[in-house]
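Have a look below at one chain only, the form predicted on its own, in structure tokens format.
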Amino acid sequence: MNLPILPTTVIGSYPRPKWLREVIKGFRTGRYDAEVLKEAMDDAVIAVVRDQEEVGVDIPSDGEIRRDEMVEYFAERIGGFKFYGPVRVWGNNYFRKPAVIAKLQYLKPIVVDEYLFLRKHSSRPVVKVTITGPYTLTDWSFNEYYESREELAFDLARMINTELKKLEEVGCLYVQVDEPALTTHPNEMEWAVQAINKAVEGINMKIGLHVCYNNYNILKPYFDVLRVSQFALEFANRGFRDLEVVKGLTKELGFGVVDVHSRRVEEPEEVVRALNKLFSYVEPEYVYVNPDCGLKLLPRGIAKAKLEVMVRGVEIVRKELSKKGLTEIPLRTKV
């Protein structure tokens, strides 16, 4: 399967429509039942997929609409976790940090139904599914059972590997493993990387690894060690500095070109300049284009406008590349 050169995609999350937030609030207070909530979730997924496709995104996600948070969503669905209560992370923001209190158990498919629903309601030949990686699940959880964090991470890798195989069985082509915690403890990088490799072992789908707001100099020595086909990295927020870190990259780069932590809507020309700067380090045939990170914390209108700017900028660059005969790339699978 081929894709247009510089395929545009998202990192995963997208703002929940206001009406869905009201239904969720009503469900939690007993005003609505589970059937109403499910219908609202389904409708919201269709709406955000339409947002992405209307502006021309090549590879949409379901916006992670059904997930409140990237770690607790998976912890709720894997046996062995328990929630004690919310933990303050910064300001007045709280996180339901899970605790591992028993041997982990894979109970049933976690995101397969999400994928199948997205596949049914997207017109695009390829869609993206996101899964939180074993290291971030480990780092953002309390460990009250395993002898070490390393042992916990490898057991989580086994859970994720099972889930990836379930996705592959139903025809999924592209999964992104999210590891925002990856370089935060440099002394754990060796086994953290091996845990990720264990999670994707035997998988033949396209696997992207998303790492953001990290020290990429710590990550770089592992570019060739990690058994993924793509690194999706944030660059807009750092003003497109540190691009030299991807020089010599032998895998694809998911290039972050719009800042999800700013409500300012960029101009297409900014995307063009960023891409042309990147091409000094990475060939266009190995570049995907995406926002820095998930868009869920932005107002929906701004999120959509940022995606539109991203696509318009890419279209400008594609016209120039077409003059060199560069119009398509293959959908590369995991190495």
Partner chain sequence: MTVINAALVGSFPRPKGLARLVSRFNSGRITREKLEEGYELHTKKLFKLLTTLRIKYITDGMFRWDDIFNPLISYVDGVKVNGLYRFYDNNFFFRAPQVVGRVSLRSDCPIPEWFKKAKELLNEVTEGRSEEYILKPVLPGPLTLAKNSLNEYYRDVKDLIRDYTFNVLEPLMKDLKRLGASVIEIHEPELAYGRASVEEKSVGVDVLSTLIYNLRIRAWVHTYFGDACRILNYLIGFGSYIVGIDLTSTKDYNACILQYSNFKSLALGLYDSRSTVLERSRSIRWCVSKFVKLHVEEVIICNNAPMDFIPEVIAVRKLRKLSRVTERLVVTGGKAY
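All of these numbers come straight from a predicted model, not from anything done at the bench. Numbering follows the first chain given and starts at 1.
Just so you know, the form predicted in complex with its partner chain exists too; it's not on screen, but the next bit is about it.
The closest non-hydrogen atom of Thr184 lies within 4.5 Å of its partner chain in the predicted complex. Interface membership of Trp140, defined by any non-hydrogen atom within 4.5 Å of its partner chain in the predicted complex, is confirmed. When contacts are judged by a 4.5 Å heavy atom cut-off, Val126 does not count as touching its partner chain in the predicted complex.
Contact between Gly85 and its partner chain in the predicted complex is found at the 4.5 Å heavy atom cutoff. Heavy atoms within 4.5 Å of its partner chain in the predicted complex are found in exactly one of 116-124, 88-96, 221-229, 240-248, that being 88-96.
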